[in-house]
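Next up: a single chain in structure tokens, the form predicted on its own.
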């Protein structure tokens, strides 16, 4: 067991070493990607600012609080992108027949997917931290030990929620080889609907974001605790739901990983 752990850790360190070397070799590509990341989130924040300029309050949420909502989402989402982003490559690996190579190597296939060399760098996570620092200042967040604990749990739980959903989509590729449309729909649902308070949507969307794809646990429910919100116009909820984010993340990851194992057992290759 110890040997297996040492083997995995050694491979993971090599993964980040290769990522760093790739970054150094293609510096221009890195800066282009960094610029795109800044523009992408800048546009998202700009859209929030324009919307809040027209509607200064959304069910009691002012622009500073909506800004905080997006910043909190960014923490978990970018943490997932930093460490688990390559899970999205599974459909391509399956479709091109390259996934079969992972099955004959002495390391866990999922670990290999997550640790394959690429151009992953925590630039987006750094940007998320900067945005969050600005957002917490805008809402005058009241810092305490419980605030720190909740932020850490919400970030980790949010990352696992994000990862679990992407893992489920990746696993479906063992049966349905091409899933670009489904992945795009889920990503759009996550990116677009998590920007604003859950309470502004109708009942069907609230159920979708809280229970079907629990993106609301990544930012909305933790934010209601951190900002001391107990009820909103036309929508009542238990503000302590924010503390359940790590539980929801753990449950979804356990279910996603079980589904992944099932998919591996049923996988027969694509014939490439």
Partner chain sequence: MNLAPYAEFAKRAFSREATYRAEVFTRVGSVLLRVFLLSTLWTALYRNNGAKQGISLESMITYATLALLLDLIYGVNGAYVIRQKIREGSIAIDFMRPISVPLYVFADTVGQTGFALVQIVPALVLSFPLLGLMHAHVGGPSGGIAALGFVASVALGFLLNFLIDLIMATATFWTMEIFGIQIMVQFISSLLSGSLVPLYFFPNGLQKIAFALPFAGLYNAPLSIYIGKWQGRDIALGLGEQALWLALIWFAAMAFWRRGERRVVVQGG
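Source: prediction; values computed, not measured. Residue numbers count along the first chain shown, from 1.
Although not depicted, the form predicted together with the partner chain is the subject of the following passage.
With heavy atoms only and a cut-off of 4.5 Å, decide whether residue 55 touches the partner chain in the predicted bound form. Yes - in the predicted bound form, heavy atoms of residue 55 and the partner chain come within 4.5 Å of each other.
May I ask you to state whether residue 189 is within 4.5 Å of the partner chain in the predicted bound form, using heavy atom distances? Yes, residue 189 is a contact residue.
Heavy atoms within 4.5 Å of the partner chain in the predicted bound form: does residue 29 have any? Residue-level check for residue 29: yes, a contact with the partner chain.
Can you check whether residue 225 is within 4.5 Å of the partner chain in the predicted bound form, heavy atom basis? Residue-level check for residue 225: no, no contact with the partner chain.
Of 151, 200, 138, 110, which residue is found within 4.5 angstroms of the partner chain in the predicted bound form when only non-hydrogen atoms are counted? For this set of options, the contacting one is 200.
Can you check 97-105, 70-78, 192-200, 142-150 and let me know which stretch has heavy atoms within 4.5 Å of the partner chain in the predicted bound form? Within 4.5 Å of the partner lies stretch 192-200.
Check, residue by residue, if 89, 125 and 127 all come within 4.5 Å of the partner chain in the predicted bound form, counting heavy atoms only. Result no, not one residue of the spot touches the partner chain.
Could you pull out the residues of 40-67 that have any heavy atom within 4.5 Å of the partner chain in the predicted bound form? Sequence-ordered list: 40, 43, 47, 49, 50, 51, 53, 54, 55, 56, 57, 58, 59.
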